[in-house]
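First, one chain by itself in structure tokens, the form predicted alone.
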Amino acid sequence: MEIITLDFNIKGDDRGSLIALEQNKNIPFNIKRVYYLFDTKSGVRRGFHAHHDLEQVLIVVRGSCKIHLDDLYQTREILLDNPQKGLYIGPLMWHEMYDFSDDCVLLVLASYYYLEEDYIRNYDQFSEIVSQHKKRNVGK
């Protein structure tokens, strides 16, 4: 499993700091949707899905949370706790977010508008889709 993290340049001076996010520059796709999660209750896990085609970058702009990634063959746990770092999540990657700090604000940049048909919300279905995808791509 390849984990892709993005490092964002901080611009700033004695007045404070700023990070600019630009599509197809430090974000590797056109940004069609931006949303953020906040006030997540203690002990709650979010996500529990993958996408057929959507690409995302997750950035914790405040606080911290953990991301569980699963590509069917490997799993990884990633701690997001730095607004200067982004986590790229590509298609066919099961992901869950958990262990949100009380002050966590998780920003998500997405490559496409909300489209329910792109979501894979059942892990068994995800497993079947990934297995079929791997079979089609053997030898390519």
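Numbers follow the displayed sequence, beginning with 1. Just so we're clear, the structure is a prediction, and the values are computed from it rather than from any experiment.
The following text describes the form predicted in complex with a small molecule, which does not appear among the structures shown.
- Within 4.5 Å of the small molecule in the model of the complex, a heavy atom is found for all three of Tyr35, His49 and Gln56.
- With the partner omitted here, the residue from Ile27, Met97, Leu87, Cys104 that has a non-hydrogen atom within 4.5 angstroms of the small molecule in the model of the complex is Met97.
- Listed stretches are 5-13, 113-121, 126-134, 19-27; the contact stretch with the small molecule in the model of the complex is 113-121, by a heavy atom cutoff of 4.5 Å.
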